[in-house]
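Below you'll find only one chain, the form predicted alone, shown as structure tokens.
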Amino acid sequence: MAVKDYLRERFFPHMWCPGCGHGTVLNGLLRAVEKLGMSKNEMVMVSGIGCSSRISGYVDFHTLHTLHGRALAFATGVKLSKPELTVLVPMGDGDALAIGGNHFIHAARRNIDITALVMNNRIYGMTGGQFSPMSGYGTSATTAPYSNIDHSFDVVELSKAAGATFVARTTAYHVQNMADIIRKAILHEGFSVVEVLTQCPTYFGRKNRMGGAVEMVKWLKDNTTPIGSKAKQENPELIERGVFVQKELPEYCNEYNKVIERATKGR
């Protein structure tokens, strides 16, 4: 199937602002799925609430549009009941790591075979530009007009510490790399996290005087570097991108089936 075959074209034009990075993520996701040659009936997309979560409305898969921060909880139920399905969970940084933070940590700890896409644009875009856990110290937002004093954390480091068995980071600028990383994440058997650094020119860019979409995408290009590059050694402030973790551990659904077998043995 072609990329357009995976879209619900009747729901276009989309609701994202001009210059938003989420459309680029949708493109990368669909190109990854196309390359894998997956059937639409093999996939389920579960999303919460937020600009990024609207992706589920535009794909012609089985979809669940659920509660704010609870997408991974719903996705866990889907995967346990139908482990043969490929489960994709697109989330924003607030959705995944603020109200959804506890679900995120425990999904990673369990190593359930779900692919979590964290679109990190450092802001709550849909509800008016409030600061998120990823906005960072010294940034401005509608809820921090005199500067945000909350420190952010590293999504990659959190995912690694929580036990995710596939952890990667890419950006809305590196579109081909993004599609390749998402493809690898889907193929991985275990909990996969792909952080995509994206731009929100409407709220984060405007509030923090970063310019429009073009300037923000250029910032993503100039301020990131491949893992272990010479540029990182020369400038430690650069954000690394690539695949940080890819390891094999027992997958949760498989282990749960073993429990069922042990519990029913001898009946």
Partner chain sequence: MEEPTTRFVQGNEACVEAALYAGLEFFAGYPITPSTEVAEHLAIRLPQAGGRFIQMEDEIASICAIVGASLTGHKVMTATSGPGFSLMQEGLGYAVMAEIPCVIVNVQRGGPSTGNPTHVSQGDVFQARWGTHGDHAIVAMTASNHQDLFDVTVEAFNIAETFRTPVILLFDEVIGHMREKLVIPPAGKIPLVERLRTSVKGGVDYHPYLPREDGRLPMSDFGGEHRYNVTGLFHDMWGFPSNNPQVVHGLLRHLVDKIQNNANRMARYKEYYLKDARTILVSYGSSARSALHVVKNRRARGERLGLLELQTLWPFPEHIVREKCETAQNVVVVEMNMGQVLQLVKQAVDDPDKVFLANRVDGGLITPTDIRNILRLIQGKGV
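On a predicted model such as this, the values are computed, not experimentally measured, just so you know. Residue numbers count along the first chain shown, from 1.
Separately, the form predicted together with the partner chain exists; it is not shown, and the next lines address it.
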query	finding
Listed residue that, although the partner chain is not shown, lies within 4.5 Å of it in the predicted complex (heavy atoms), from L80, L187, A161, A144	L80
Interface membership of N41, the partner chain in the predicted complex, 4.5 Å heavy atom rule	yes
Partner proximity in the predicted complex: F244 to the partner chain, non-hydrogen atom cutoff 4.5 Å	no
Proximity of T76 to the partner chain in the predicted complex, heavy atoms at 4.5 Å	yes
The partner chain contact in the predicted complex: L67, any heavy atom under 4.5 Å	yes
Option from 151-159, 135-143, 117-125, 102-110 whose residues, in the predicted complex, bring a heavy atom within 4.5 Å of the partner chain	102-110
Contacts with the partner chain in the predicted complex, stretch 237-262 (heavy atom within 4.5 Å)	Y252, C253, Y256, N257, V259, I260
